[in-house]
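Next up: a single chain in structure tokens, the form predicted alone.
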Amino acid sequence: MILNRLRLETHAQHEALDHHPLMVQLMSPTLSRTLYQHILGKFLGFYQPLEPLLARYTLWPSLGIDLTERRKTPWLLADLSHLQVPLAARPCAPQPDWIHDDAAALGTFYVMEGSTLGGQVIARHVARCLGLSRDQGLAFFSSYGEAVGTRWKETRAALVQFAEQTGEEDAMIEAARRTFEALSTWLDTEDTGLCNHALQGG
């Protein structure tokens, strides 16, 4: 039930993100390296305040999730470093204000992990346009490589387990919606407010 509800009840927010101008331009056959670097920087600014917040919660081991290996910030830093983008002080999104309990943390995690599926399509496109590879500027969108399917199955199992144990489906869904909306808003935001800890990976 929770998996269907998440898919259906976040559909509008997911669609809005997929059709955001930056995401559309990312999939354009005329994608430039400059635009690609800008998009990576935006994702870095979004994930940097988000991942340490999720790590404060202790539910992950009980759900079979190793949060350390799921972190996206190191991949983004590696990509930007390969592309020779300065990392000392990157624009940073506002601290997430919708994550206040385990259910919200897991709903947010659903969005972050779901993005790795679409990332495989994006990675192939960027590789064709810019001649990059997983070890050379494409780590973020390549994510887990051949293990993407396995990681997603683990995520789905964790969502189901938590929902069955707690019944907090509504809170999970609301957090997932808020995460999609926050990312769309951040993509629209001028690059202000700096993550001065970028070189340390968040």
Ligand code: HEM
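All values reported here derive from a predicted model rather than from experimental measurement. We number the residues from 1 along the sequence you see.
Not on display, but discussed next: the form predicted together with protoporphyrin IX containing FE (HEM).
- Note on contacts: among A78, A123, A104, V111, the single residue with a heavy atom within 4.5 Å of protoporphyrin IX containing FE (HEM) in the model of the complex is V111.
- The closest non-hydrogen atom of G118 lies within 4.5 Å of protoporphyrin IX containing FE (HEM) in the model of the complex.
- Shown alone here, W60 lies farther than 4.5 Å from protoporphyrin IX containing FE (HEM) in the model of the complex, counting heavy atoms only.
- Taking the partner from elsewhere, L17 is found to have a heavy atom lying within 4.5 Å of protoporphyrin IX containing FE (HEM) in the model of the complex.
- Contact annotation for M23: at least one heavy atom lies within 4.5 Å of protoporphyrin IX containing FE (HEM) in the model of the complex.
- Heavy atoms within 4.5 Å of protoporphyrin IX containing FE (HEM) in the model of the complex are found in exactly one of 166-174, 40-48, 130-138, 62-70, that being 40-48.
- For the marked spot (R7, M27 and F180), a heavy atom within 4.5 Å of protoporphyrin IX containing FE (HEM) in the model of the complex is present in each of the three residues.
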